[in-house]
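What follows is one chain in structure tokens, specifically the form predicted alone.
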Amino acid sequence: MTDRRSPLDGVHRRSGAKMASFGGWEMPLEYAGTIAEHLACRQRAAMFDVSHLGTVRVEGRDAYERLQATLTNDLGKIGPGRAQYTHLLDHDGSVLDDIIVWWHRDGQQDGSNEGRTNEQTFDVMPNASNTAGVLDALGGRDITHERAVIAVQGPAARELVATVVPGADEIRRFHVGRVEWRGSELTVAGTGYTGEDGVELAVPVGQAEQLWGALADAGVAPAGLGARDTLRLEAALPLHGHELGSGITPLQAGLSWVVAFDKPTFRGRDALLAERERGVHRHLVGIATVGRRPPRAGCEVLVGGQRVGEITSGNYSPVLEHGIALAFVTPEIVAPSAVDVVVRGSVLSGNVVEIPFVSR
């Protein structure tokens, strides 16, 4: 099956981006180089085409109840005009997908219980390859093909976005709003996947190239999925298929805060309650290794020559200038602990450290 292409595919190719297959899409891996793009995001601002993420629109009088009865987090903690990170679980408690929900205002000014009985609209944002599963679980409409999504991230992201899309910079972190741009309506959310502040802009496909070009002209550096991955790793943000996925629960991944155990029901609740009662058999930690050589996913983690776990994601940190990794290890291995990581037959010395590796 041929990979899907973003509405911005032509821009990427004309810019000479190195393309790669990811989650069933052909997406830009890098432009000027992953390290340069990573540092541009940390030091000023970078933009990422994240149109490969799905958008499932769930709407109607029962939309709130459908999401609340299926996903782990509690929408009752927020309200219209807000965004929330949540999980869709399998019945065994493992994470089928981690998701951002954008709750549109639709005329509601607050999240009161009365407001929730009216028509509501949610954009549920699954990972690229998981859209069909989210549709099956929640219903709704797949509107991925109707928009492109551009994430602008970094300490100067809001300042630069304001020069292109006035008002978009005013959408606060984990809030959602709509703004007009050149006669069209954009959805803007104060969300991202880099550990930096910024916004994500959902733009109609017909204006995606115009918006990308305007942001570039304003000084926002184009960046590919390579930098997005090193940025999220420095921020210790999980990646589905690595720190989350089949056989991995939120409790093992250190994400119990995503689970509203006081809700009467959500998929996988009973399995998680049982795991919480007995305790996890492994947990996720951060490991900093000595030197520039990076650990990689699948590498063994040793203590005293004995295997205690496995790396799930590893790379070179452009900010810290040494290797970093996330790993599942046995529960007794906590920070600070000395460990060894086996990389292609050689051993890297490392230490279990507090995460995130880089915080803002």
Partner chain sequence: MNVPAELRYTSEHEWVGRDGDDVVRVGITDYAQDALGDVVYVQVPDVGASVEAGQNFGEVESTKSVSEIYAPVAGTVVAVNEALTDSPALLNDDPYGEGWICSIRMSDPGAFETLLDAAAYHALIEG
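Numbering follows the first chain given and starts at 1. Treat the numbers as computed from the prediction; the structure is a model and nothing was measured.
Here the subject shifts to the form predicted in complex with the partner chain, a form of this protein not shown in this document.
Contact with the partner chain in the predicted complex, defined as any heavy atom within 4.5 Å, is confined among 285 to 293, 253 to 261, 137 to 145, 178 to 186 to 285 to 293.
Of the residues 58, 40, 333, 29, just one reaches the partner chain in the predicted complex with a heavy atom at 4.5 Å or closer; this is 29. For the residues 297, 303, 35, 69, the 4.5 Å heavy atom test against the partner chain in the predicted complex is passed only by 35. Taking the partner from the other structure, the partner chain in the predicted complex has a heavy atom within 4.5 Å of a heavy atom of residue 316. Although the partner is absent here, residue 14 is not a contact residue: none of its heavy atoms lies within 4.5 angstroms of the partner chain in the predicted complex.
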